[in-house]
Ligand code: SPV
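Let's start with one chain on its own, the form predicted alone, as structure tokens.
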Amino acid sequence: MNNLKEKFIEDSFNKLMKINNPELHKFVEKYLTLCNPDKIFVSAGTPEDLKYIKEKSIETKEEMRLKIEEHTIHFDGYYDQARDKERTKFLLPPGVDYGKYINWMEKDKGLEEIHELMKDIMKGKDVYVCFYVLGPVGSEFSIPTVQIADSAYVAHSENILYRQGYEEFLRRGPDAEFFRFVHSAGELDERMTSKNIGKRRVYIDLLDRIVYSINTQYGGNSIGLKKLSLRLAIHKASKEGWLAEHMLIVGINGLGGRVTYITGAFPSLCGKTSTAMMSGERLIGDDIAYLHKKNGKVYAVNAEKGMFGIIQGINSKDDPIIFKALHSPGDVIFSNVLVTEDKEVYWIGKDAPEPEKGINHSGEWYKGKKDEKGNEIPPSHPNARFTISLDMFENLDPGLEDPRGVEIGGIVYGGRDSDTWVPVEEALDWVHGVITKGASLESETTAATLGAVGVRKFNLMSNLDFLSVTIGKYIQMYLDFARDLEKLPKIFSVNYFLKDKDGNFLNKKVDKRIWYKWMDLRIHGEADAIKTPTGYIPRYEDLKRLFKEVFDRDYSEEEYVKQFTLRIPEHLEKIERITKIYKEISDTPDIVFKILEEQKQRLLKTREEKGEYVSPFDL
């Protein structure tokens, strides 16, 4: 490390040396030498260090100040607006094959390529060495991490999103096992955005627990502790008997002051954040959950302490808590929205007049502006984001920082589905839920990932993009997880996107709160249900009462029938699609085919007795 000593800024060298962990020092030295930055800043997570990083992000013009105090805006490059699935790969040793649904390559080949691309990539730049903890500090859930990044914007984002971990590294000393991340935005253009997008790479070395991310700034590719760390955590969980999931955690207020905590898995732009932020309920997290077993029950923590949320569609009526926080003083980063001359921001779906002009991810913007392909450029990108600490939300539950986690009563799976799943349904049991709800999850694609939009995609547990084990092993992890549990969480599916034949949505955005109130009742044995071939659905009387109690709204039998009709042809088509997929996966557990076939036979029998589309009143 002494050969780099002269590059350390202020007391940074001493801060690093104070940590008694030779493995950490070896990692930092190797990649600082390879990437060759001009200056090195080590953050101890103090208020002074956090302020230094934020000011550097403004000084380097990666961020700009906005009208509201402490708010800033960041722009990614025009073609760097989403997770790059194609170039995000696992580096696997010889003889290991994760199959066609998981993107991977041979480790030695990948390391040779990435190390060549990283040589001197930070030359002329400052680099930030930052320490964090995934999960509450001092918890059995917590995982220490270190990130080396040459983007002050990335470091600033992580300081908002994650708990500081420098003191945890000091406490754990040489025995600390930790995740490692190296990020470089690469060469920058005149707008301070990544220039060499063709050389964008995100490679994950599972055995050495290192993530490499270069020539990109978009948070999903560059903020190492988000989905990149989720991949490392899934691999770690597979060896230790817990679950690392792409899930929200929400607390539902029930009878007598009780709170029922529920996790939920949704692909991007499918209502995940809005579910976590339901008015009148309690927020724990909106994105990543770690689930452990303790005393025969399931407990979960939010791996993060902030939110990197999709901003499109957020408005004062449907999302009052988020909307209020986004207009309050505090450390908030907006990315890829429109900023006006008076330093105010506008995004698609904001309940405010659309400005005539401004600056966005395309540069100077005006109404009707088109890109080089002739496509009209909207004022904000569909995947535009906001980065904010959860303590700015008035509905935050104190359980966020509980090192024990919160007890989980239910697990929910949902995606974009216009014609098959009903708005809410409970699985017949744990295995049925894991296979027909979680492992059978499909969703129409959105702007959150690169590629075509509106295509129905298989995405088991909404975690397919992040799996660091084979699909068959992942399903088996779920089945094994339940074996010694005395109190199994109930498994549910939800569908906020069911449409009629004319393409109109069959429920309102806020109706989801009713589905979760019903789940709370089911978890505590306080509501009956109708058994169908695909699971348990609510009785009309219970939903009618809940709509009246929660929204003071009449809920008609007509609405109920349209929403909860059993659509047998669509279900049978889905089973055929899912079965075909799993037949192509060599290590699919046999139980998957058994459960899918049983559901198929129940549907066929019901079709023979009652027809193809069956009213819930006839079930």
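These figures come from a predicted structure and were not determined experimentally. Start at 1 and count along the sequence shown; that's the residue number.
A second form of this protein, the form predicted together with the named molecule, is not displayed here; the remarks below concern that form.
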| property | result |
| --- | --- |
| Contact assignment for the named molecule in the predicted bound form, among Pro423, Gly220, Gly438, Gly165, heavy atom within 4.5 Å | Gly220 |
| Heavy atom within 4.5 Å of the named molecule in the predicted bound form - the one residue of Asp150, Asp80, Asp520, Asp287 that qualifies | Asp287 |
| The named molecule contact in the predicted bound form: Thr470, any heavy atom under 4.5 Å | no |
| Contact of Lys226 with the named molecule in the predicted bound form (heavy atom, 4.5 Å) | yes |
| Contact of Phe308 with the named molecule in the predicted bound form (heavy atom, 4.5 Å) | yes |
| 4.5 Å heavy atom contact, Ser268 to the named molecule in the predicted bound form | yes |
| Option from 340-348, 212-220, 109-117, 86-94 whose residues, in the predicted bound form, bring a heavy atom within 4.5 Å of the named molecule | 212-220 |
| Residues within 4.5 Å of the named molecule in the predicted bound form, restricted to 120-142 and counted by heavy atom | none |
